[in-house]
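Let us start with two forms of the same protein chain, each given on its own as structure tokens and named structure 1 and structure 2.
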Structure 1
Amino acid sequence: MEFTRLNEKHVRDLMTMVPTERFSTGESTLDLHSRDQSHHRPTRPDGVIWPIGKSEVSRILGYANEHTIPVTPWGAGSSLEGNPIPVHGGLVLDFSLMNHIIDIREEDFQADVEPGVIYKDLNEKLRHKGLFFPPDPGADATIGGMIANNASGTRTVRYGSTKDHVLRLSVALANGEIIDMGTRASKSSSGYDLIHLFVGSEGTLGIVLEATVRLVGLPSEFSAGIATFPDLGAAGKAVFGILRGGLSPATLELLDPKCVEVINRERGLGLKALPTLFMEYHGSSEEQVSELMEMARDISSSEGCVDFRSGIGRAERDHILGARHELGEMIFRAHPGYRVLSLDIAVPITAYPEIISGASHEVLERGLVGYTFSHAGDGNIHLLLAGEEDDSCQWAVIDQVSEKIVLKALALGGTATGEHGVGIGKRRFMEAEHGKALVWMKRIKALFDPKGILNPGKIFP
């Protein structure tokens, strides 16, 4: 596909659609929109626009489509697969000014939001109403970016991922046409499910301008625990036991010994450097969450758990799980001057110990710096591989190892990405994962975006 780079005439034309203070071609702005939080190499856009309304986005898209100028939507730039990097230049639409919570209908458990709303800000507002929006990628992500990546997080095991919380979308297509999909009913069997086509499409099919999201009641009581196991097999069995036992954990995370060492260093928790489960339970009373924690303790003990700590209440929960939530940043901090590849795969739960021990073996054998942690209840594994910024030999090995692990995940019936999306990094696995279905994905892309201007260079190999 041949794209047009932004020239002076385009800039003049675009200036008639948005005021100067919301359009920039300045060096520092272009740099800020050239990279996400991944290890992928940055590429600058030609210009950045901060839209403030639907009709503005529609006009800009119509113009860009006519002139075959690439348009890449931008939320908070916290992606880990290069998803918002404008690899073909063109325009970036930064949605940070479209950040209004339009309406909260608490008795319907719904909120209407603009795409630039940071999910943590929404949850702060909802807290006073006893509600929350459960998907929690951890970073300061926007709801537009979460919808585009179908983000999930530590609470997905109980509450589902972003796709389970989107009821209605207003989307601008590549030609500037705006369409609404979905309803405010909590379920529907009407027609093709366009919402779930757009959720996870990484801004390649259309741009989200407004969403109605599903909320849930904030639990009144919390408990959290840390269980240490002698080996991975025992921890895997405990995960299965907790899920099968109907304990419905709100968080069930498995950390490898190296992650535990990092947490000990930063938080002084003094945990044994062994495979460790971090877990959380939600309920309506202290008795209920205590009982769930005791059941988890019993299950863990029966699988050979060597240390079990727990706490009841919000403060205890925050103390115990805070360490897990900040693990990513702690690892980044532990390796200043390094780039970190954040590998994200998911497999059936039964394949879980095999893939993790295979990954650990590879890391050891190839002499790499690697940390494995996972949303264990979902079979979603992250392997963080750190390499010196300019050591191309080391990065070649990191690349080989990550490819081997992804192919193994696919062979075990899993996916190349559980939650970070395809972006740039996982394009090469699309054929292996989807086979003939990939041809139909390409046809869908061509139908919605015939000139391919929306976030080009992503998803497709």
Structure 2
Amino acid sequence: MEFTRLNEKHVRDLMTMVPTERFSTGESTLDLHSRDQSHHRPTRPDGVIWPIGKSEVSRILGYANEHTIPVTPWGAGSSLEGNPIPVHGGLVLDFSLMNHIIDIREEDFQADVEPGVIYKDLNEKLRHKGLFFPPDPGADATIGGMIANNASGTRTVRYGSTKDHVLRLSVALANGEIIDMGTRASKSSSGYDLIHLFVGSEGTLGIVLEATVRLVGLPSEFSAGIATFPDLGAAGKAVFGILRGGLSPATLELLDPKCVEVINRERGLGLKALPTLFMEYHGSSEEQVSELMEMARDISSSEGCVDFRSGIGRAERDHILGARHELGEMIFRAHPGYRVLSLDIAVPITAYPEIISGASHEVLERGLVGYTFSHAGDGNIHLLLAGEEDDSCQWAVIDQVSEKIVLKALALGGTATGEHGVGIGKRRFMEAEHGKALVWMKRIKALFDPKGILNPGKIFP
């Protein structure tokens, strides 16, 4: 696909659509929008626009489509697979100014939001109403970005991912046309489910302008606990046992010893440097959550648990979960001058012990710096591999290990990406994962975006 780079005439035309202060071609601005939090190489856009309404986005897209200028939507830049990197230059649409919570209908358990709303800000406002938006990717992600990537996070095992909480979308297509899909009803069997086509499409089919999201009630009681195991295999079996036992944890996170060491060093938590399972249960009474935790203790003990702590207070629970959310950043800080590849695979729960033990063994055998942690409750494993910035030999090994682990996950009936999206890094695995279905994905892309201007260079190999 041949794209057009911005020239002086394009800049003059675009500056008639938005005020000068909301359009920039300055070097520092372009640099800030050239990279996300991944290890992928940065690429500058030609210009950045901060839209503030649907009509502006519509006009900009219509113009870009007419002149074959690539357009990449930008939320918070917190993604980990190069999803918002403008690999073909063109325009970045930064939605940080479209950050309004339009309406909260607490009796319907719904909220209408613009794409630039940070989900933590929404939850802070909802907290006073006894509600929350459950997907929890950890970073300061925007809801538009979460929809684009179908983000999930620590609470997915209980509450599901972003796609399970989107009821209605307003989307701008490549030609500037705005379409609305979905309803405010709690369910519908009317027509094709376009919402789930756009959720997870990474801005390649259309750009989210507004969403109605489903909310849930804040639990009145919770119980949290930490289980320590002699090895990852035993911890993985405990995860399987807890889920098979129908305990429905709200959070079930597994950290390897190196992750525990990093957290201890930065937060002084004093945890044993062994594979550690952090779990949380939500319920309506203390008796209910206490009973669930005791059942989890029994299951963990049967799988060789060497230490089990429960009844953790809210402050300590928030401290530990906060450390888990910041673990990626801690690992980056622990390795200055390194790039870090973040592997994101998911497998069926029955395959979880095998894949997590195999990944750990592969890292040790190849002498790499690696950290394994996971949303164990849904079989989603993150392996962070750190390599010196300019050591091409080391990065060749990292790529080999990464590919081997992803292909193993696919062979076990899993996926190349559980929640980070395809972006740049996972394109090469799409044919192996999807087969002939990938051809139909390309046809859908061509139908909604014939000129291919929306976030080009993503998803497809």
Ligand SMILES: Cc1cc2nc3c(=O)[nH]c(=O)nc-3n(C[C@H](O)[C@H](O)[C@H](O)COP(=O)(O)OP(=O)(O)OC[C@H]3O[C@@H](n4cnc5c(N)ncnc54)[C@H](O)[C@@H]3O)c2cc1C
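The term rigid core refers to the most C-alpha atoms you can superpose between the two forms while keeping them within 1.5 Å. For residue numbers, the reference is structure 1: its sequence is counted from 1. The structure presented is a predicted model; accordingly, all values stated were derived computationally and were not measured.
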{"query": "Structure corresponding to the form predicted together with the ligand", "finding": "1"}
{"query": "C-alpha of G322 off by 2 Å or more between structures 1 and 2 on rigid core", "finding": "yes"}
{"query": "Large Cα shift (2 Å or above) at L173 between structures 1 and 2, core-fitted", "finding": "no"}
{"query": "Core fit, then L384 C-alpha moves 2 Å or more between structures 1 and 2", "finding": "no"}
{"query": "Shift in Å of the G233 Cα between structures 1 and 2 [rigid core superposition]", "finding": "2.9"}
